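Only one chain is given next, in structure tokens, and it is the form predicted alone.
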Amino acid sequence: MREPTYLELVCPAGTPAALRAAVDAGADTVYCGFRDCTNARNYPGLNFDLKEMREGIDYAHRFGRRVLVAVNTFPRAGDVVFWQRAVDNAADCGADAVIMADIGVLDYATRRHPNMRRHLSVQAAASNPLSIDFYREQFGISRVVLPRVLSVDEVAAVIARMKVEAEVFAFGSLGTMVEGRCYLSSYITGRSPSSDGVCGPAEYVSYREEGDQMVSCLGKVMMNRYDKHENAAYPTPCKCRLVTNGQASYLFEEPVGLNAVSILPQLKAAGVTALKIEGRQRSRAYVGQVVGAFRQVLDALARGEPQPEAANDLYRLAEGGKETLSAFKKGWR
């Protein structure tokens, strides 16, 4: 496998075409999931069947790249067959690691496939050295994906006290600030992001025009109302606009995209091993553009050169046309 020259670039693939696009654009590693409830992006038209997964892994390996399979949702009590099968299938397809969050799934993978690398998903919300060390001691995890709640200084402090690799999100959509603990969508639609792998199921999403405005709904619940000049985000409960004290505002999360390209040297200095790009629901064109831009930036950093022009165009791809460093540059408590 090709070793990254600066930071490992971990890129999304919601389809076989997106996987090939990520590899062709310079991803070191691609992450994806099976076409069922075992991964946290269980949407129609996305993900991989067994044949596609095997072919995708073979394609990535041909170019010296890695593939990680996300089995990162939480089984309901007494219903673990899909998750155990997904772990077995990932191993059979030659995955370089499986990304998991549930303790039972981690235990199964540890006992059944002890030689397969195990990564701790951001869905586990492990954000301190003690919790991360628990997963290392009990399940032998090699890497943790840190939740998007930590400043750069806090990332460095956590990494200094743990004995596994650290992966952080560097670009893409933001979610609720406590990863893997969201139940809002399930109250509205009956389908859980944590167990069914889908937030804001597409079959519940609708839009309608009211005068000069666009109204978005999830089921029978209005999520937002947009003027013509506003970009309409996908209607998820954490990014809805709520009226409190007569004022409509984003109380949970504003539709804005994370872009950490300006602080990559600080993240490397903090001890980060890998950068994760969010976007398994995005097109192969999006994947190719973002991965290509990050590849140029990372290669320039490895050579000690100035940031290339490609980095300046990333904001055009940010959700809502706006970008943020989010908790990396924490201005709140």
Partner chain sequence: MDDADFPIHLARGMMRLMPPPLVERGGAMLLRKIGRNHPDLFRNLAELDAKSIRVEPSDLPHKFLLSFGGGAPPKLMLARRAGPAGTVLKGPLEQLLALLEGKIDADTLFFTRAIAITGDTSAVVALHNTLDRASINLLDEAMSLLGPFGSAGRAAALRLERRMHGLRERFGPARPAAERRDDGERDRLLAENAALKTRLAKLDVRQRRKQGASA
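Only a predicted model underlies this, so the values are computations on that prediction, with no experimental measurement involved. Numbering follows the first chain given and starts at 1.
Below, we refer to the form predicted in complex with the partner chain, which is not included among the displayed structures.
Remark: none of the three candidate residues (80, 83 and 198) comes within 4.5 Å of the partner chain in the model of the complex, counting heavy atoms only. Only one segment in the set 157-165, 111-119, 225-233, 129-137 has any non-hydrogen atom within 4.5 angstroms of the partner chain in the model of the complex, and it is 225-233. By the criterion of a heavy atom within 4.5 Å, residue 249 is excluded from the residues contacting the partner chain in the model of the complex.
Interface membership of residue 43, defined by any non-hydrogen atom within 4.5 Å of the partner chain in the model of the complex, is confirmed. Heavy atoms of residue 296 never reach within 4.5 Å of the partner chain in the model of the complex, leaving it off the interface.
Mapping the unseen interface onto this chain, residue 29 falls outside it, with no heavy atom inside 4.5 Å of the partner chain in the model of the complex. For the residues 153, 88, 203, 107, the 4.5 Å heavy atom test against the partner chain in the model of the complex is passed only by 203. Taking a 4.5 Å heavy atom cutoff to the partner chain in the model of the complex, none of the residues in 139-172 make contact.
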